[in-house]
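The form predicted alone is given below as one chain in structure tokens.
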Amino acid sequence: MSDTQKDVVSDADAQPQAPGEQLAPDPRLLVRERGLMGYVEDFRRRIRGGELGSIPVVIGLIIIAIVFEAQTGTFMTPRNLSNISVYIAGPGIMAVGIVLVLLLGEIDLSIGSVAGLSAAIWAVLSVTHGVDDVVSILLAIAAGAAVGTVHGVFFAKVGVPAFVVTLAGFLGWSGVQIWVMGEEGTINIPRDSWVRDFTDFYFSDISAAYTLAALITAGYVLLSWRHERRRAEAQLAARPLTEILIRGGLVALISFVTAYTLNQHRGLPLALVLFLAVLLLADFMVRRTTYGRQIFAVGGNAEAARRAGINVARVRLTVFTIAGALAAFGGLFLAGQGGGASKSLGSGNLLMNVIAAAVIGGTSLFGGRGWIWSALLGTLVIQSITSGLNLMNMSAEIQYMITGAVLLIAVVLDSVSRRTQRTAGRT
């Protein structure tokens, strides 16, 4: 459960104080008063209660890195890590859209087809017909948003299950993609195209990566401080400045180590910058806006959300619209990596990998629980496995089996976590 969800639950569950009754102290205040041991005990309590968060996936990433580095000796090199940071951008952006859909407790099976169709639209407009590259990109993303809106209308307004709607879209939009491409099997990307730059451009100046790391750290500390100050002003439990600075130090460590590693190869990839921008914007939307809280509410209990005055149909429709736009944007990255748009772009195991990334990263398949950064963590796991097995010259079928096993483990952990929380009275 994310910090936002915990805050919503704790604040919403607060009961009015009866005359002469003394309110029980907030457990989080007691934890902070006890210092380090309080945090340790709170951590143990959360684990026993099934609140695993991102712990399993972080441990998994560490194990993956250790195993593949021991087997290959080149997995942790700056070159390989830089390549991973580029390869995760396209599927990761698509996974952000899937995270939003999963938060509703629904599924979208059409994202691969939408990605392929949008790439085809861009290629035909920009390369074949000479439309301005930026205009073509915007039209391709708009087409993806339009497709998502169509799915949302059938699901939210007509009442057709999302599984059926998007399954039909998976088949139908694949046909439209082939029709748009016409007789062209593949349309290659020109060297001066923005789509090529999405995956091929690097900020070679070392100051770029370090500046981004500094901005991420400063932004995290500032936003966390403002959030906790507002909670304190509202007389709610708030993290002390010391805790904010410790967390900021961890963010700084990760950010600057990543920047240093990238600078050892070609510098900061534009693909990673765009992916992080999508993550930050989506995270802000989900955790800091009313609309984001409505997504969690609808995913947790749609009927309760409707009775609370939330326009459930609007939330569902707009989420599918956003997912379609992100699928289209991710499809352009895939076209850039492949050197062009093709009739087969978006097919294969792309759909399963994107859904697996969201689930492996910690977003629940049952709705109402998860966080945007699941897209980053889950995509990192899948791409790390793929990269490591490629370095070991393993066949594709081995990659599929291992990825499937990891996905199953993630779903099992999610199910066990929910059962444990129900037993502990936390859901």
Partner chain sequence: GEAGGGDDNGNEGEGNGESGGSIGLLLPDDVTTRYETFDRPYIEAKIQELCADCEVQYSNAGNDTNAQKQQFDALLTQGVDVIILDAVDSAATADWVADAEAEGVPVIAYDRLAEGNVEAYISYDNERVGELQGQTLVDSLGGVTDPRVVMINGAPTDPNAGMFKSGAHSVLDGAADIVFEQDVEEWDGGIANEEMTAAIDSLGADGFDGVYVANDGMAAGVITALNSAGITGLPVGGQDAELAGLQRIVSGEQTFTIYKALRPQAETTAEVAVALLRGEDFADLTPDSVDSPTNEGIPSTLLDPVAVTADNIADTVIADEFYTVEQICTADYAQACQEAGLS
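Values in this document were obtained by computation on a predicted structure and should not be read as measured data. Residue numbers count along the first chain shown, from 1.
Although not depicted, the form predicted together with its partner chain is the subject of the following passage.
Visitor: Can you pick the one in 185, 219, 240, 130 that has a heavy atom within 4.5 Å of its partner chain in the predicted bound form?
Guide: In short, 185.
Visitor: Taking 4.5 Å between heavy atoms as the contact cutoff, choose which of 224, 258, 318, 80 touches its partner chain in the predicted bound form.
Guide: None of the others qualify; the residue that does is 80.
Visitor: Can you check whether residue 386 is within 4.5 Å of its partner chain in the predicted bound form, heavy atom basis?
Guide: Taking the distances in the predicted bound form, the answer for residue 386 is yes, it comes within 4.5 Å of its partner chain.
Visitor: So, residue 275 and its partner chain: in the predicted bound form, are they within 4.5 Å at any heavy atom pair?
Guide: Residue 275: no, not in contact with its partner chain in the predicted bound form.
Visitor: Is residue 267 close enough to touch its partner chain in the predicted bound form, meaning at least one heavy atom pair within 4.5 Å?
Guide: Because no heavy atom of residue 267 falls inside 4.5 Å of its partner chain in the predicted bound form, the answer is no.
Visitor: Even though its partner chain is not shown here, does residue 190 get within 4.5 Å of it in the predicted bound form, heavy atoms only?
Guide: Yes.
Visitor: Of the listed stretches (177 to 185, 246 to 254, 115 to 123, 136 to 144), which one has a non-hydrogen atom within 4.5 Å of its partner chain in the predicted bound form?
Guide: Correct option: 177 to 185.
Visitor: Considering only 154 to 172, what residues come within 4.5 Å of its partner chain in the predicted bound form, judged by heavy atoms?
Guide: None of them.
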